[in-house]
Every structure is written in C-alpha cells, then in structure tokens.
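Single chain ahead, written as structure tokens, the form predicted alone.
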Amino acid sequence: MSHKIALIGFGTVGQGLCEILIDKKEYLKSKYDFSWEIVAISDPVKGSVYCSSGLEVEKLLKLAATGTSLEEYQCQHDNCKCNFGWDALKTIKDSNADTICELAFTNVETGMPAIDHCKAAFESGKNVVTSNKGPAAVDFAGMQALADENGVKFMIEGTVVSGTPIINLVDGPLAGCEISSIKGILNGTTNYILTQMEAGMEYSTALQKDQELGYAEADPTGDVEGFDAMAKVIILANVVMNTPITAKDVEREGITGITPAMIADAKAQNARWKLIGSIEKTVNGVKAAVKPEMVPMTHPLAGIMDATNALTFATDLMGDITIVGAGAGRTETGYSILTDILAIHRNN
C-alpha cells in the first residue's frame, strides 16, 4: 500500500523532497518496500490541489518552476474530480494523507502557523514530518504529547542541521550513551561570514556575498544575531537532553560585534572565531548558550569552514563524537523529510 503524503508548503524543501522521491522511486521500493503518493499540496502563494488517487508530481514541479498556479493542474485519472483552493487546515483535516509534511513559512518565535497545522494533523490521526523549528522550539513537549495521545508520529530531523542526521544519530548509533554536552556550529550563514572575514573580507561584504549565494535571508537578523542557532539549541535540549527550556533560558549573542582585530587576535592565538551553540548538563539542569567563541585549532570544530555545520557530542562510552554535514539546501533538507517518512514506514 502506498504511503499517502500531503505537503503544506511547496517551496524549496517541498520541491526538493518531490525531486528525491521521483529520482529514488525504484530504489525506495526495492530497498525498503516503500511506495508513495503525493495526494495534496497547499501553498498560500502557489495554490492548492488535492486528489485522493494521487497527483502527478512531475506536472506539479513544472507548474511551480514556471510560476503557474497549482490550481492549473489537470488530473490524469478518469472521472476524477480534483479539489482546488483548500487552505492548509482543510487540506490537513480532509485529505486522505497518512503523513503531513509541514513545510510552510513559520514564525520561529511563536511557532505559528506550524503549531496549528501540527495540532490539526495529530487530531486527525495523521503523522507530522517537519523541518520547521517553531513547533519543536516553542512547545516540543506539548506537540509530542498530542502526537502520542493520537497514536501518530512527530518527526523533526530536519529542524537541526538539515539532512545531517543529528536526532537520528542520538536515537540510533549513540543509543545507550549518556550525553553530557553538545557543542557545535549550527548556522551556516554565520560560519560562512566568519570564514570570509578570516580571509580578509569586511563583514558587510561577506554578508552580501552570503545573501547572493542564497545562504542568508534578505533580513539576516535571525542568523547573525543567533536566533536561528538558539532555536536549534532549544530543540536539542528538549529532545536530546530531555530538559524543557525556552528562549529565556538561552544566553544569546550574535556575530555582529566581531571585528577584524578580533579575527587577527584569534589567529595569533592559533584559534578562530565560531558562533557556537552549546548545551551542557549541570546539577541544576542544563546550561544553554549561543555566542561567539575562540575555538582552538586543535578542536575539530575549528576546521569547519564556509556554510558547513558540525556538532560535537560528549558521551560517557565513546568520548567525543563529531558529526559534520550540510546545514541547509534544497536536496539536503528534502532528504531530512524523506528519512523521517521512511522511519514512519519502517515502524508501521
């Protein structure tokens, strides 16, 4: 039986997921006995379409690529009547999807509208896979409890370091290890800027280049002031350390105060500046922070350059484990959604 999927949001991540599903269709079937159907897409800009028998994804990608509304979609099924114009909540509640991929634009501080989307999915008996940090950062415990109450899954691998398997690493290969601290580079934009500044570029020039490459948003505040990394720290504290914290519990400082003189001083001390997100167990819970640190060249994180992300886990059985990978990207984040969908499939 095909796994039925509805996408809430059809931007970079949703399209990246669809491209992977098409390219890997035969492999996923032969390797995991996994077959899929996209039955619905709802996007406030690109339009909305639902067909209970499944949509032709190639057609939808072509419509999106040409800026054509998804509501121009023509169904291939005989006697099939597609539904158009459904908003996100109606799509979630009334479609026949097994899993909702929540990929809409969301306010990371309030978690909205993704929290409402997740709640509607859980109450409708549907799994949620999301790369949106909001729901997990704002109310992970509440989201997980509601999912458990309704016998469905809340999967969030893509919320931290994109497709690089951070949460899956802890649940899988590091299962049985007690993790006493997590320390890492959680934001590619800031790491890219610091890399360019070390090479002699001014902050403003490095930021502009970063934006041109598509790493930073037009308003880069969330990245350069540490809000994006802070949301990821909150998620890691909740999920990995099993300690509920919120933004008020995280010491936060961005990179806008880093000067060329500070870069030079770090070089003289055989170190370099990195924006580091950290969570450390203490007798009173956890200590969490996002702030620039001078990292010694002897530490694995010092060698992480440009937009790459990395995390070091301090464990009792394996010592320090560092994982390095892409922290963003169309394919990479789309892949994170796929891994969670496959996990749901394997556990059914």
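None of the values given here were measured: they were computed from a predicted structure. In case it trips you up, residue 1 is the first one in the sequence shown, and so on.
There is also a form predicted in complex with another copy of the chain; it is not shown, and the following applies to it.
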Listed residue that, although another copy of the chain is not shown, lies within 4.5 Å of it in the predicted bound form (heavy atoms), from 244, 142, 222, 165: 165
Another copy of the chain: the contacting residue among 94, 171, 198, 116 in the predicted bound form [heavy atom, 4.5 Å]: 171
Interface segment, criterion being heavy atoms within 4.5 Å of another copy of the chain in the predicted bound form, picked from 284-292, 63-71, 45-53, 25-33: 25-33
Contact label in the predicted bound form: residue 80 to another copy of the chain, heavy atom within 4.5 Å: no
Any non-hydrogen atom of residue 314 within 4.5 angstroms of another copy of the chain in the predicted bound form: no
Another copy of the chain contact in the predicted bound form: residue 58, any heavy atom under 4.5 Å: no
Proximity of residue 265 to another copy of the chain in the predicted bound form, heavy atoms at 4.5 Å: no
Within 4.5 Å of another copy of the chain in the predicted bound form: residues from 173-190 (heavy atom criterion): 173, 174, 175, 176, 177, 178
